[in-house]
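Given next, in structure tokens, is a single chain: the form predicted alone.
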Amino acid sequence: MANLQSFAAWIGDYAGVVAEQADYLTDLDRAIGDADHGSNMQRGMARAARLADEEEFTAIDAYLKKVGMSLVSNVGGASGPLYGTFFLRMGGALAGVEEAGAEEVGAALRAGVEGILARGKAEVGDKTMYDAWSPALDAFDAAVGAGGDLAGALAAAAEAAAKGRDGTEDLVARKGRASYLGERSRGHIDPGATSSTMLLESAARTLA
């Protein structure tokens, strides 16, 4: 079961991963975007990770909503609104929940991704972060449906996200700045799908 401390650990862990991989994320973005995904995410997640030290939170939903608002304020480009909305929606789905199991975390992840879709209007195959999230949610639900616990479901989701991320390499972008490149966007892994996969891999390490 994941409690408030687990979610704070998740944010802290992910901030560390993003800091380590910032140059890699920016290199991916340099090929098909604005070349700032790594630096933007590093700045935003570092700020979000400090929230748990600076403020006293007593509920998961309040904490995740504050993380979301912080990301909206501190991450530039499209990533800030997308990741910010993700955590805001996750927080809303976990209102009143003190300990979240597979069912609650799954519902919260799906609510978060619905928030991403509400902003980005993406579909599978557009070469966006949704190409990682969509198979991840399906894998999570399948694992829970097969009797898996939170740890197993998150591991399955992270594995599926990684496959979705890798699959973006062969896609031609249909959304965002990458779409301006047309066929030349093929051959590059989507940076948003990559940072999303890192977020799920971090969740698998910390939430269960």
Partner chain sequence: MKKLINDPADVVVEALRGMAAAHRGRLRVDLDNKVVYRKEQIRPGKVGLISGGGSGHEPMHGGFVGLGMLDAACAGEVFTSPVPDQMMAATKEVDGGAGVLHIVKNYTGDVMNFEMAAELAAADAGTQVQAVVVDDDVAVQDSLYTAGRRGVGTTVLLEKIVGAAAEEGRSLADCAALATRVNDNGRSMGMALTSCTVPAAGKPTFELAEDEMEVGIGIHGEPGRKRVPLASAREVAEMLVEPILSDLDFTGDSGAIVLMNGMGGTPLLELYLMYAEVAQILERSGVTIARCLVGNYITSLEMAGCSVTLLKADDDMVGLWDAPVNTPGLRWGV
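All values derive from a computational prediction rather than experimental measurement. Numbering follows the first chain given and starts at 1.
Beyond the structure shown, there is the form predicted together with the partner chain, which is absent from this document and is the topic of what follows.
Judged by heavy atoms within 4.5 Å of the partner chain in the predicted bound form, the contact stretch among the candidates 146-154, 56-64, 162-170, 179-187 is 179-187.
Distance criterion of 4.5 Å from any heavy atom to the partner chain in the predicted bound form singles out 78 from the list 102, 94, 78, 109. 35 is the sole member of 142, 46, 51, 35 with a non-hydrogen atom lying within 4.5 angstroms of the partner chain in the predicted bound form. Taking the partner from the other structure, the partner chain in the predicted bound form has no heavy atom within 4.5 Å of any heavy atom of residue 113.
For the chain shown alone, residue 82 is a contact residue for the partner chain in the predicted bound form, at least one non-hydrogen atom being within 4.5 angstroms. With a 4.5 Å cutoff on heavy atoms, residue 72 counts as touching the partner chain in the predicted bound form.
Applying a 4.5 Å heavy atom cutoff to the partner chain in the predicted bound form picks out 26, 27, 30, 31, 33, 34, 35, 36, 39, 40 from 22-41, in order along the sequence.
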